[in-house]
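Just the one chain here, laid out as structure tokens, in the form predicted alone.
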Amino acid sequence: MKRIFLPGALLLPVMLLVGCGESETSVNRSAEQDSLREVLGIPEHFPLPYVPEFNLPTEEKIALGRRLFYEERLSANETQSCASCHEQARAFADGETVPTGSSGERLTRNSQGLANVAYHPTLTWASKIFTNIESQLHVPLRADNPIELGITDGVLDEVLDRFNDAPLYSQLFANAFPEAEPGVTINKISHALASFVRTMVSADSAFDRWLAGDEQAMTDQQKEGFVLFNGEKFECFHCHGGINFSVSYRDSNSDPGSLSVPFFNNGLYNVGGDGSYPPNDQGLFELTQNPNHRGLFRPPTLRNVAVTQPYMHDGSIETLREVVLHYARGGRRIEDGPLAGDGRLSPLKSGLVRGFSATEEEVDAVVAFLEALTDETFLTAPEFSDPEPE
């Protein structure tokens, strides 16, 4: 069997992947860390994610959150649940270009997968505001433009009463929040959902098994793809490095004072030649109103990326091979229409997206490596599935 030797330049990223969270696994790891690791189901080779003190997880919160995740009564018109746009078999993405809310309104941005979402320092595609899952959840729950689940002020009490009036849920909420005032609140809902979502840890892909020493876990082609992924020609690791394959990363050991919250313009659009993106979806610019922030989006994790298609923030690229070719070109060219422009020439594009020459075999190898990040255990784990009906 052909053996793949890693260039010296790749030893550091591999060591970082192996050693991440080393201080937690030492004899000095606290009882509190052990307890959090156990209740969240974090494997030993993964670091403990950051968990806010105001919502420490319990088995009761997680059980409630799991049931709420699949509960259609959580939408105003009782037609959708969180799982409607986050399917386990797709690593909790949905396979759609962009999702459709419970009222039939099309959203602007692609549904991201939820694998390892607990390790992101910011949530959503292009916002610095949401730095914990609890606050971000109020967007799909409560937003009215566009409507997702549609729990607006006008129907909030009605939705909460559905759970207050259900004996099972009354008991589950009491168990999950024993020290709180009785009754269901939107904050209790978001805290329970966040607790469940933090358990969605994907750490058993072929790549993980290979990294742990199983030489047969990845094919030679996938190993070659890993070398290219971390090489200076493809440069994928600059935005998708580390144990979660995203430089947008935080765990329990991260220093809040030096936390990186990166966003990148990858040359997907160059409308009008000035770097603009479609007017209804300009990325971080919509929050900051800084013209230089047009087209800035957060790099998602690449874990399970082979099952989360279509790709990019707007779902506008269909396949992994097309994604790799997009970066090889150095940006996308749209020939005509209102979005015409050559992303390779965008004045706002990241300097990391320079373009490169690649053979068909090299592209195939990188795609094969990305497929090695699929975690079948995660995609089928019963603890993440729809619980038995009430």
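Please read all numbers here as calculations on a predicted model, not as lab measurements. Quick note: we count residues from 1 along the sequence shown, nothing fancier.
Keep in mind that the form predicted in complex with a small molecule is missing from the display, and what follows is about it.
Within 4.5 Å, heavy atoms only: does T79 come near the small molecule in the predicted complex?
Close contact is absent here: in the predicted complex, T79 is far from the small molecule, nothing within 4.5 Å, heavy atoms only.
Check whether S170 has any heavy atom within 4.5 Å of a heavy atom of the small molecule in the predicted complex, and answer yes or no.
Judged by the heavy-atom cut-off of 4.5 Å, S170 is well away from the small molecule in the predicted complex.
Just checking whether V307 would be counted as a contact of the small molecule in the predicted complex - the rule being heavy atoms within 4.5 angstroms.
No, V307 is distant from the partner.
Within 4.5 Å, heavy atoms only: does L56 come near the small molecule in the predicted complex?
Judged by the heavy-atom cut-off of 4.5 Å, L56 is well away from the small molecule in the predicted complex.
Do all of T100, M312 and V324 end up near the small molecule in the predicted complex, with near meaning a heavy atom within 4.5 Å?
Result yes, every residue of the spot touches the small molecule.
Within 4.5 Å, heavy atoms only, one stretch in 215-223, 84-92, 248-256, 170-178 touches the small molecule in the predicted complex. Which?
Careful reading of the contacts points to 84-92.
Name the single residue among W125, F207, F285, F163 that comes within 4.5 Å of the small molecule in the predicted complex, judging by heavy atoms.
Of W125, F207, F285, F163, the residue with a heavy atom within 4.5 Å of the small molecule in the predicted complex is W125.
Given that the small molecule is left out here, which of V201, V227, V184, L137 has a heavy atom within 4.5 Å of it in the predicted complex?
By the 4.5 Å criterion, the partner-contacting residue is L137.
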